[in-house]
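Laid out below as structure tokens are two forms of one and the same protein chain, each shown alone and named structure 1 and structure 2.
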Structure 1
């Protein structure tokens, strides 16, 4: 099985490649952080709202969480534009190909995200209107969360597909691309990261001094809320490690390298102290006074940065051969283009010196499309015109200047006001004499 090798866009990159790569990693990490907070916030708001059916304080918590989603979702979108721009620049032959191959679903991202955002607003801004119909309110929240969980799967499918051009010929639409080895594992890994980062964010958020005033719990203690989120963070970390190992084991071999493996191990090691601190917070309640949320977050953020670099490293390794083949093919093609262009220019010069009949080139440019020598095409055949206008070139010129509609079954001829009288006469004479 061979791999399709397209040509690249033959224009220079707008900045050094390395610089664009750094820009991609940094802007992507910022984007993905807000995506985690958006998706996770929506998910936690739903979970808390369902719990709120029994203990009303959780419903208050759900409302507060939804307020963070409003902000984070807007940042997730705007922060996504920069990595999209860079990936369009750096990986044009791969990214455009994979996007086209899952085109329907890729385009559906726009309406799906719009609907999810509108649902999120309905969920939040009309909170009090739904007080007597919690089923409907929770239904809206569930639909919104469902969309938020599904959309990353489309992105995951696309960025996975762009990495493996050798799979492109076997892909027929989104679902076949989604079922390629490695996509669903990576998606689960992503979702556990979403739960991890959003629950850590809510641990910090509920630990702020003003939190109690904002939320106004009647019975629930802030400490239990924080332990609630810590439990999710801890569970998600365990899940994150497990899915990470599955992803690593199932990654196609072409992007593997020792550098990549070492980066992953380093990222993994950074998580261990964070897990130890989280475990202490969960088992010894007194630790929540000084719960090291900053240290824990720092560990995870560093791990995420390392993973972001590793991810890019894998992508570069996986595409290295494809990229150099593309560069070679592009260069060869450009040489062929230049060659053919020069050849065509020479032919044009020789032809020009041979064409002496006045009106011929103007006829070809303006008339030949619709008037064939013998066939009735769009307009009548030249044969017919010659019969009508025998010895009357002025008649042709006059008609052309202000054409009417003679034949009921054909199109009206357009006016040729851009042609001068001399040109029209030359054309008419040429037409009648051939």
Structure 2
């Protein structure tokens, strides 16, 4: 299969490339954190609301969780601008091509996000309007959650397609790109990360001193709520390790490196103590909670940072050859454009010289810059020269070969030793005849 090599627009980067790469990693991690909290919050709100049909406490919990979703979705959108701009800057040919190949669905992101946000607002702000029709309310929450789960799949399909230009010729739209190797595995890995980070967020959120008063739960009930989220966090961690191994095994080899592998292993090791602390929280007596949420969160944040660096390392490795090929093609194109321009200019000069009368071309090249037809500029006007040397072309040629200074207020004319006698005679005859 022939890999398409598009030509780049040779514009300088707005900042050093290393700085942009760091900005991409940092801004993406911040953005994806709020995406996880938005999607996970919507998912947990839906789950709790369904359980709330039998247990009113979960209905209260679902409502409180929904309060966080609209805040986190706004931050997810705002924080997503920077990584989107930077990835467009650093990988313009690849990102443009992959976006165009799934163009219909890529453009559908905007209306889908709009609908999802409107559903989230309806779910949150009309909570009391649906008290007597909870099935409809849950249906709205399910649709909202479904959209929040689907939109990241579009982004993931796009960035995955960007990494592998060799697949571009066979892609026929979004669903074709979605079925390429590695996409669905990465998406399951993303979903597990969403449940993990949102669970940890709600463990912290429900551990605040004010939470018990906000929901009106007893202390034991709050502990059971926190253990509920710990259970999801632990299960999501196990699932993420398994899906992570599947993703690693299915990654195309062109992005692999020892650095990438070691970073993944280091990130995985950081998760182990967090799993141990979470397991302790799940197995403690029901009225106790060891907690350590700060230590657990720190482990996962460090692991996420390392994974973010590894992700960028894989992307750079995967696209290294393609970027080099694009740079070479762009340089060759620029050289061809320059050669074509010079050839066109030479052809124009040749054609012009062929149409000129004898002496005109040499006059334009050597004399016209200083001698205006009727005005004195650097040198005297041509009209004056013609009057002085009327019918005496040899006089002009002799003066040109050994010029002097006739006027105190003008500069001395330079010599033109490079011109032959025939050229000087032709110039003189042309000058006197026009």
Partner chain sequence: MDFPIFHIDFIGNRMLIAVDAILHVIINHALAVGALPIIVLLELIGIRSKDLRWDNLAYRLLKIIFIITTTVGALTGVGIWFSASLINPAAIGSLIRVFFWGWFTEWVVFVTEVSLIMAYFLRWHSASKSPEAKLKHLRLGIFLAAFSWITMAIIVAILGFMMDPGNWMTKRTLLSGLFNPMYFPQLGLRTTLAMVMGSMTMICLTYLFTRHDLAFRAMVLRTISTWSSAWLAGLIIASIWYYQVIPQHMLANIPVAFATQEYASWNGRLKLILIVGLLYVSRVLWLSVKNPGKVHGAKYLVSVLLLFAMLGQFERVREFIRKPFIIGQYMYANGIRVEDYPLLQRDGILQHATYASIREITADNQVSAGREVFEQACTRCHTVNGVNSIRGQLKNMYGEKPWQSEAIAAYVENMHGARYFMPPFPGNKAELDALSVYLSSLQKRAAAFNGAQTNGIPKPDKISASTFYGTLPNLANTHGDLQ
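Residue numbers count along the first chain shown, from 1. Since this is a predicted model, take the numbers as computed values, not measurements. Think of the rigid core as the biggest set of C-alphas that the two forms share within 1.5 Å after superposition.
- Only structure 2 of the pair represents the form predicted on its own.
- Shown in the overlay between the two structures, fitted on the rigid core, is a CA shift at residue 381 of 2 Å or greater.
- Relative to the superposed rigid core, the position of the CA of residue 370 differs between the two structures by 2 Å or more.
- When the rigid core is held fixed, the Cα atom of residue 398 travels 2 angstroms or more between the two structures.
- The two forms, fitted on their core, place the C-alpha of residue 220 7.1 Å apart, compared between the two structures.
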